[in-house]
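Let's start with one chain on its own, the form predicted on its own, as structure tokens.
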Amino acid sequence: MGVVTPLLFVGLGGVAGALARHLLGERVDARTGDTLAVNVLGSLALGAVLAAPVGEGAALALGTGFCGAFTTFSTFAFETVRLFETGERRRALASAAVNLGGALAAVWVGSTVAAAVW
């Protein structure tokens, strides 16, 4: 695989992931969990991609590109700090616990299911 081909796989996956994230964000209210939804769903997908016997190109497009653009650790961090700074400290801690726990559990579920199927 040359240099351009991996960039193309990551770029195409990234475009699809960013568009999917935008579409999901339009359907899930920000106050009720659009960041949580993309992080948990993206973690589920990443777990499945990494456990499935996909080729290098598919792993780059789906894992690095799609999941990388679909999920958002920076928004999660910003929202958690913002909640804490505005006095919603219990909500900030709950959000952190649910996001991190949900994402870790989703990776485990995705990889377990993919390993069982393939």
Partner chain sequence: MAEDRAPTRLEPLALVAVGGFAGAALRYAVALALPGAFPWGTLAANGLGSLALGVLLYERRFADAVSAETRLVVGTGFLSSFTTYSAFAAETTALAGTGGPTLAAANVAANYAVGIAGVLCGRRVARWVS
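Numbering follows the first chain given and starts at 1. Note that this is a predicted model, so its numbers are computed, not measured.
Beyond the structure shown, there is the form predicted together with its partner chain, which is absent from this document and is the topic of what follows.
Taking the partner from elsewhere, R91 is found to have every heavy atom lying beyond 4.5 Å of its partner chain in the model of the complex.
A residue is said to contact a partner when one of its heavy atoms sits within 4.5 Å of a partner heavy atom; D29 fails this definition for its partner chain in the model of the complex, lying far away.
Interface membership of A58, defined by any non-hydrogen atom within 4.5 Å of its partner chain in the model of the complex, is ruled out. With a 4.5 Å cutoff on heavy atoms, A115 does not count as touching its partner chain in the model of the complex; it lies far away. Contacts of stretch 80 to 118 with its partner chain in the model of the complex, defined by any heavy atom lying within 4.5 Å, are made by V81, R82, E85, A96, N99, L100, A103, L104, V107, listed in sequence order.
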